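This document starts with one chain, in the form predicted on its own, laid out as structure tokens.
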């Protein structure tokens, strides 16, 4: 494949100005320029090497085994585990494409950085338990020679959930599952809650659950930096650009129900370079869709959801950008009225100290919101057979990224999930209408 380049001109500057010269102030600098002219003429003659080559270091490679669309923590985690688990060191070429190198609108950098195991689904509990272990031992995973150790500033203060009389039985059931999976969570009566947290108003609270280990918050930027630094040392390539097209091949086949379906395979990704109308084609074997809130747009580029309604080919990836419950996700401006009218009254009622506190600063970030069941989408698409998903986690993607990245890498390298079975998070459930119900979306 021929890399497209724009030839540089010979340039200007053969005339130089010298102070005080006559005839308009210009003189020919023959001594300094004759040899330069000869070199430039020689460089463009047939059969001679060209000295004036354009800088292509910012371009992606022409070939990569895996192209990961999205350079947030989920995409980087997939890249890390692919390199970590590959059979032959250095054998797999991995490219991460991120359109915003500043991460100014990326969910990773705008996240609070919370981690919690108090879910109702065993799969979500297992993912967060593994992530807690990963974060606590971060330098065993992401250490780089001659680089200072990472400090995630992990604060294990725990999550506290409150339930009314109506929801108390569900909370008890959830905590039972959490303990079965190994999470350290305890139940508290209103009296126990008041004793441990005397600043909480327990009116209307029938039961509480509290995470005693491996819950709290950490620095998302440090995790992002650590992953990028480690991946660079592992030979992963990075590119700032936007994926605008997939080139695919297809073949038709009959299902067991005698339904004709078309299987697609992506073999080339077009990456539009920043501040340019040009694109760079990248041949590849596998594409990872980790584009977060914009992953549905990336899926649509591959034709996902563009078939007849009610068919597998017509089933869209149901992920869209959301700003929690704020009404307008078109931008990341903070809706202060929403906070004052919808959030503040509940805070002040539950914690009276909030009545005297004032908001000093605020920011907003996007959820990659799965409108179907608010759970992640992991693994391959059934028809675009070499596109894999790591998206749609609706607010808990950051905390589960280490486990999700490992699961996707296992599926690619081994053909199945090996450590945590994430089959309930496969794409097929959208077509089948089978929700993976999580009762504790936070």
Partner chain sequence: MAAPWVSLRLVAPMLNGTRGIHRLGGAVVPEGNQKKERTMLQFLTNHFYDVEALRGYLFQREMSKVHLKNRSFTWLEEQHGPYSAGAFFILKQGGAVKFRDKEWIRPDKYGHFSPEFWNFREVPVEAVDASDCEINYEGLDNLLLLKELQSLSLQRCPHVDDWCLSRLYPLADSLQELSLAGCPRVSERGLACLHHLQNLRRLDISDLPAVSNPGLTQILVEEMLPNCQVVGVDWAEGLKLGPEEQPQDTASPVPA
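Quick caveat, the model's predicted, so the values are computed rather than measured. Numbering follows the first chain given and starts at 1.
Quick note: we don't show the form predicted in complex with the partner chain, though the next part is all about it.
Q: Looking at 259, 278, 213, 172, which has any heavy atom no more than 4.5 Å from the partner chain in the model of the complex?
A: Here the answer is residue option 213.
Q: State the residue from 145, 356, 361, 87 whose non-hydrogen atoms include one within 4.5 Å of the partner chain in the model of the complex.
A: That would be 145.
Q: Decide whether residue 204 counts as a contact residue for the partner chain in the model of the complex under a heavy atom distance cut-off of 4.5 Å.
A: Contact check for residue 204: no, nothing within 4.5 Å of the partner chain in the model of the complex.
Q: At the 4.5 Å heavy atom threshold, is residue 93 in contact with the partner chain in the model of the complex?
A: Residue-level check for residue 93: no, no contact with the partner chain.
Q: Just to confirm, residue 156 within 4.5 Å of the partner chain in the model of the complex by heavy atoms?
A: Residue 156: contacts the partner chain in the model of the complex.
Q: Contact between residue 140 and the partner chain in the model of the complex at 4.5 Å, heavy atoms?
A: Because a heavy atom of residue 140 falls inside 4.5 Å of the partner chain in the model of the complex, the answer is yes.
Q: The partner chain is absent from this chain, but in the model of the complex, do 298, 306 and 309 each have a non-hydrogen atom within 4.5 Å of it?
A: Not one of the three qualifies.
Q: Heavy atoms within 4.5 Å of the partner chain in the model of the complex: which stretch among 145-153, 342-350, 70-78, 172-180?
A: Answer to the contact question: 145-153.
Q: Go through 303-320 residue by residue and record those having a heavy atom within 4.5 Å of the partner chain in the model of the complex; state none if no residue qualifies.
A: If the 4.5 Å heavy-atom criterion is applied to the partner chain in the model of the complex, 303-320 yields nothing.
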